[in-house]
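Before any questions on how it binds or moves, here is one chain, the form predicted alone, in structure tokens.
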Amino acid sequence: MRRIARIAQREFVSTITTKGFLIGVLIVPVMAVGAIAAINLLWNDEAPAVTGTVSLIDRSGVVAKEIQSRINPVAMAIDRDAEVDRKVRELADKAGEVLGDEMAGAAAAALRGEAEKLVGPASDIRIDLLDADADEEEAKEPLRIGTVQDGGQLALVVIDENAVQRDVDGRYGSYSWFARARLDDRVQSQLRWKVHHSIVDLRIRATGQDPDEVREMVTASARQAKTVTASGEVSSTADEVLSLLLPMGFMMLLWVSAFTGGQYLLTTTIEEKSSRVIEVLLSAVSPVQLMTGKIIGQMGVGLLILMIYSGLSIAALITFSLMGFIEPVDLAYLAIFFFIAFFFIASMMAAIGSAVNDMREAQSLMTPVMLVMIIPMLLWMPIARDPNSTFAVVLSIVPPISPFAMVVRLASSEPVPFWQIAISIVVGVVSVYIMVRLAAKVFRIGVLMYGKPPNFVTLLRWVKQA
């Protein structure tokens, strides 16, 4: 045990003291914080200003005037001013939280200037009304040529004959929308919303009612929408975002820490074998002791990464008063499944590293391993959305995916039955024991083998021979 401990210590210290490790560990949180800050500064969901016309074929004969009242330079300027006012109120609320209401009020002029920059200029869009019996295909022709910036036709709207009044079968029609290629989706959404409201308002007026009153009657937004946790109340929007991000965060914490430690194990094993240092080490310890020490040493590296990233994540949750969304037992389970995931991955990496002479040769054997390890990245969303589905339960007991699937389920909105957690842990421990035994057999033979790299058939033969 003393020899294994010294090998583990050497492996751990030699890894964490390298510049590559320090930069690699620190660069991820720095990039994450920088990306979030950049998105907040640069993200703008306002539609850009566009100049052009929207052709309109009104087969109903009654919708064109309503659409023209909504889509014209004056109406677009009014909409832009309303959006600026809404943005000013939004900025004032944020400034009030930071500066206080009095300071925010004093900065109202600056806030309006900032809001106008965010919203941008109003679009100059006009309706080009075509004959009700105009040919639809001919009206589309201008859309097939030119660019959005040329001030030409941006889109074509064709209103059905029964868009406002029901037909003989008692059904309402609608409209068709044809847009020029690469027309901004926000502009399209804005214009289609105006067409939609024009048709709906005319239908409501046809029944003798006021559209504004009807909209007020059918609208009932929550005055407050908050989630109550042990650490306080947070907005339901934050709850919805966290319900999606927490499972992904747990899975990424486990994946990065386990896979990084395993990758370092692969690299150090190949380097020591190619430089013949491993032969010196084997003069003092057995191959199994060497592999065990290297795995334990890199386990410390992976555990250190898990602790650093987990600590940063918990600090962020505490800062924003969101710690109530995590149960302490979930962190304990995260540690348990880390050991299962790491030892399984590390065993495979040790076996591959001992069988090849350089990283280029390792790629062919690493490909199937990587394909298996990418599966959790692809499946976390359906698991998080329905954590107690048959699909999620089955993945929870299929190694080596089971640790990743289980931490996603644990961080999701639905509680996981304890018996499923216990089965996943037992299956994981058994699979790790089997994988370590198989890896030890490959390591014992492959660590002193040089020359042509083996394939999987050769590795299986080594397992039988050892």
Partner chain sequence: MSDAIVLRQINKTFGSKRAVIDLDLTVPEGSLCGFLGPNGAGKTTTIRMIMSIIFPNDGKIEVLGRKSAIESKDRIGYLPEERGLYRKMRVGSFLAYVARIKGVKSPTLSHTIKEWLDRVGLADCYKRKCEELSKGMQQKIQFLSTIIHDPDLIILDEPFSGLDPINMRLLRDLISEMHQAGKTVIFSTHVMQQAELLCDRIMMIDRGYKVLDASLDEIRAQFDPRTIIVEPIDPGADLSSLTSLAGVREAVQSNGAHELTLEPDADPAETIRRIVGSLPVRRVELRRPTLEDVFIELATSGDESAKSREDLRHALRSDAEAPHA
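Residue numbers count along the first chain shown, from 1. This is a predicted model, so every value here is computed, not measured.
Here the subject shifts to the form predicted together with its partner chain, a form of this protein not shown in this document.
(request) Using a 4.5 Å heavy atom cut-off, indicate which stretch of 175-183, 137-145, 276-284, 387-395 touches its partner chain in the predicted complex. (result) Only one stretch passes the 4.5 Å heavy-atom test: 276-284.
(message) If we define contact as a non-hydrogen atom of the residue within 4.5 angstroms of the partner, is residue 23 a contact of its partner chain in the predicted complex?
(response) Residue 23: no, not in contact with its partner chain in the predicted complex.
(request) Check whether residue 461 has any heavy atom within 4.5 Å of a heavy atom of its partner chain in the predicted complex, and answer yes or no. (result) Judged by the heavy-atom cut-off of 4.5 Å, residue 461 is well away from its partner chain in the predicted complex.
(request) Report whether the minimum heavy atom distance between residue 272 and its partner chain in the predicted complex is within 4.5 Å. (result) Result yes; residue 272 sits at the interface with its partner chain in the predicted complex.
(message) Need the contact residues for 1-19: heavy atom within 4.5 Å of its partner chain in the predicted complex, sequence order, or none if there are none.
(response) In sequence order, 2, 3, 6, 7, 10 come within 4.5 Å of the partner.
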